[in-house]
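Before any questions on binding or motion, here is one chain by itself as structure tokens, the form predicted alone.
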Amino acid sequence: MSALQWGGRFGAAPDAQLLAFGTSIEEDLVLAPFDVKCSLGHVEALRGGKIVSDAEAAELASALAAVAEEIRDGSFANYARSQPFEDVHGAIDARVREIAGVAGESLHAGRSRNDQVATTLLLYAIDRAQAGAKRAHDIATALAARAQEELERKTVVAGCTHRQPAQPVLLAFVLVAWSEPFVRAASRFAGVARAGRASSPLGSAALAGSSLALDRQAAARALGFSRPSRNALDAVGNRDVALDLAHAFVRAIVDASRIAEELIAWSAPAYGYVRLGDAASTGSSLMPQKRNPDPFELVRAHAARSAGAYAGALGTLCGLAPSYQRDLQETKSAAIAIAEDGLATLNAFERALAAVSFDRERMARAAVAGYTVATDVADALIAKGVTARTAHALVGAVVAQAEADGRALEARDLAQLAAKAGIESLQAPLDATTSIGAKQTAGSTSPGDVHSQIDEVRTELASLEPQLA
């Protein structure tokens, strides 16, 4: 019973197997530094409310600093596993009592694990949201830089829908498209951090506040929150920020998985658009020639797994009464697992992305395969006054005939279309570069517009940088 914080009203120790079933020590260890920070905030609340003296507050702060050092050097993890603690919060409280003696008995005054866990989880979520924002920002920055490089090279590629060649585009246009989700992800993570700092649950106690005069304002200031939470009952059961953090990671990883899928396909000999360097490839234990894009395949798998874990985290809240229920331990566990895996997955994605090189000649040769300029030809007819439906039908028939002949669209096809449409002549792009340059709408693949897109992405990323500190 000495490892527990609530043994006074019980006549016997709990069943050891049931206690082990309920423990969260292993998944909680990542929270240890944040719990120390939370406890230091509570010391300020105790000091401000004159529940402990300045001398006692100093002893508590010193003991917590010692625990923080043990967390850093790894010895605290062994301590936490050495006794049947329910969670990391109880283990830290016990260690403080060992170090601080009598003063340590006051650390938990006016505090429940309910508000302690809620506050510690918020501090963790703020930290990991900032880390996620930085990672997404770095990925978007790297993609924008590569887009600038490929824009200068004027690299072209066949843009696809349904995995079929659709229209010629600049590779830079594709790379900007890949950067956009990570710009949004960085902003989303920054929003999670802002929401986390809005209010502190600490001082809400179990659910009704405390009869002790805790200085909640002092605790909130010490921990970097804007203010104490408004309603204690809501505060102890609120897991919105933890779920928002999980959601932000799932969204970022899903976006990474979509790009990973494109790169997996592009690295296959059938495409041959990219080559993964040795640093991001694996081989076969049987087939000597193989180069496998394992990191990108694993990004796909981690995205699926995290999406399922997020659904489970939401599911634990379904029908759960407000205030604290032990089910929330599972919500916390899932959110932490998603965040830790999310950071690792984004890191792997970023490193693998840096090992990708492009076969620009192969891309250029394939850019007009599959009659990708057909839409430009139809647009040229429309510009001459032909209705969209008629232009679509006429060009479709010409493409079918060219395909049957085993050739690309040619100038003679334009002459034939002009005759059928009853117009004097028809000029339309028949190569990738002309097709790309013909685009006129904002947000298109035209070189000038792609240049603007890169500039705007970089400007938006720069505007996010103050939020990453």
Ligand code: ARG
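Just count from 1 along the sequence shown to find any residue number. Treat the numbers as computed from the prediction; the structure is a model and nothing was measured.
Below: the form predicted in complex with arginine, not depicted.
Enquirer: Though arginine is not shown, can you say which of E86, E150, D244, D93 has a heavy atom within 4.5 Å of it in the predicted complex?
Expert: Partner contact (heavy atom, 4.5 Å) among the options: E86.
Enquirer: Have a look at R111, K332, R216, R128 for me and say which one sits with a heavy atom within 4.5 Å of arginine in the predicted complex.
Expert: Flagged contact: K332.
Enquirer: Given a 4.5 Å cut-off on heavy atoms, tell me which of 256-264, 113-121, 372-380, 217-225 is the interface stretch with arginine in the predicted complex.
Expert: After filtering at 4.5 Å, what remains is 113-121.
Enquirer: Can you check whether R163 is within 4.5 Å of arginine in the predicted complex, heavy atom basis?
Expert: No - in the predicted complex, heavy atoms of R163 and arginine never come within 4.5 Å of each other.
Enquirer: Evaluate Y324 for contact with arginine in the predicted complex, applying a 4.5 angstroms cut-off between non-hydrogen atoms, and reply yes or no.
Expert: Contact with arginine, yes.
Enquirer: If we define contact as a non-hydrogen atom of the residue within 4.5 angstroms of the partner, is S446 a contact of arginine in the predicted complex?
Expert: Outside the cut-off, so no.
Enquirer: If you apply a 4.5 angstroms heavy atom cut-off, which residues in 230-261 are near arginine in the predicted complex?
Expert: Not one residue comes within 4.5 Å of the partner.
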